[in-house]
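Given next, in structure tokens, is a single chain: the form predicted on its own.
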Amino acid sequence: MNAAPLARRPLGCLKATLRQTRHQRLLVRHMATEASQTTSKPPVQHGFYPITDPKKKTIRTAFAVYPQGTVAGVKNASPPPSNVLQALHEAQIKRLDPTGVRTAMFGKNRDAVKPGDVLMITHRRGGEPFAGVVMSIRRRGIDSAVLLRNHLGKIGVEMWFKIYNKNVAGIDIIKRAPKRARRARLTYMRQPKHDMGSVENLVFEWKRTRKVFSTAKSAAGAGGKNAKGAKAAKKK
């Protein structure tokens, strides 16, 4: 019964030894080719990873690998900042908001805009300005934005506006909240119980106090009447 397995065992051992020797030969050949390739390649001294161009048969660079203490291949240059993204955001904010008014308006100081205030944002591309209640303020550097809610045609509308967007021409504070809100996000205003409704009456009152509805002719007429009244008073 056991004669057949015993007879096959020497043949199996021979196959295993032949397989091991073949693997060893392949490994030695692979190591020899790798050593020859590493010795034949020229050393990279310019700090770039070389790639051969198949058309021109020349070496071109794919990307740079700068050593420590160099910037863009310039030696003895100032090292990059620790937080590169924050430095980039600060440079962009300085370019888009040179006066720093918007940064102070949506900062964390005492006079900054807070949730619950009513704002009106005007766009450069035309159209009616959008006014609404500040529901949330997202402070993310150059991506800082504010969420406004208003009613248009008895339908609640919410819009996000980027603070540093170049298309935003102006941001006006229509009304301050009577007291500071306890929450940073006034999402409960979406419920009918806490919904403030339309803010058109507040915008109309703000424009009337700022004399937005007055024209140049009316202003000139008012100036002429005031001048006539002053002359009459002097004659008397």
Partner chain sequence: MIQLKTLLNCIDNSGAAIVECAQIIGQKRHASIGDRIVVVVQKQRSANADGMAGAGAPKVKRGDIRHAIVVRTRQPVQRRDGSVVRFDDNACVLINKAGDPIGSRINGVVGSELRKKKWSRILSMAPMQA
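These numbers were taken from a predicted model, which means no experiment stands behind them. Positions refer to the first chain, counted from 1.
The form predicted together with its partner chain is left out here; the points below concern that form.
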property: Any non-hydrogen atom of R110 within 4.5 angstroms of its partner chain in the model of the complex; result: no
property: Close approach of Q92 to its partner chain in the model of the complex, 4.5 Å, heavy atom; result: no
property: Exercise: M105 in contact with its partner chain in the model of the complex, heavy atom 4.5 Å; result: no
property: T58, heavy atom within 4.5 angstroms of its partner chain in the model of the complex; result: no
property: Its partner chain in the model of the complex: contacting segment from 150 to 158, 82 to 90, 95 to 103, 111 to 119, heavy atom within 4.5 Å; result: 150 to 158
property: Listed residue that, although its partner chain is not shown, lies within 4.5 Å of it in the model of the complex (heavy atoms), from K207, K175, R190, R185; result: R190
property: Partner contacts in the model of the complex for 114 to 133 (non-hydrogen atom within 4.5 angstroms of its partner chain); result: H123
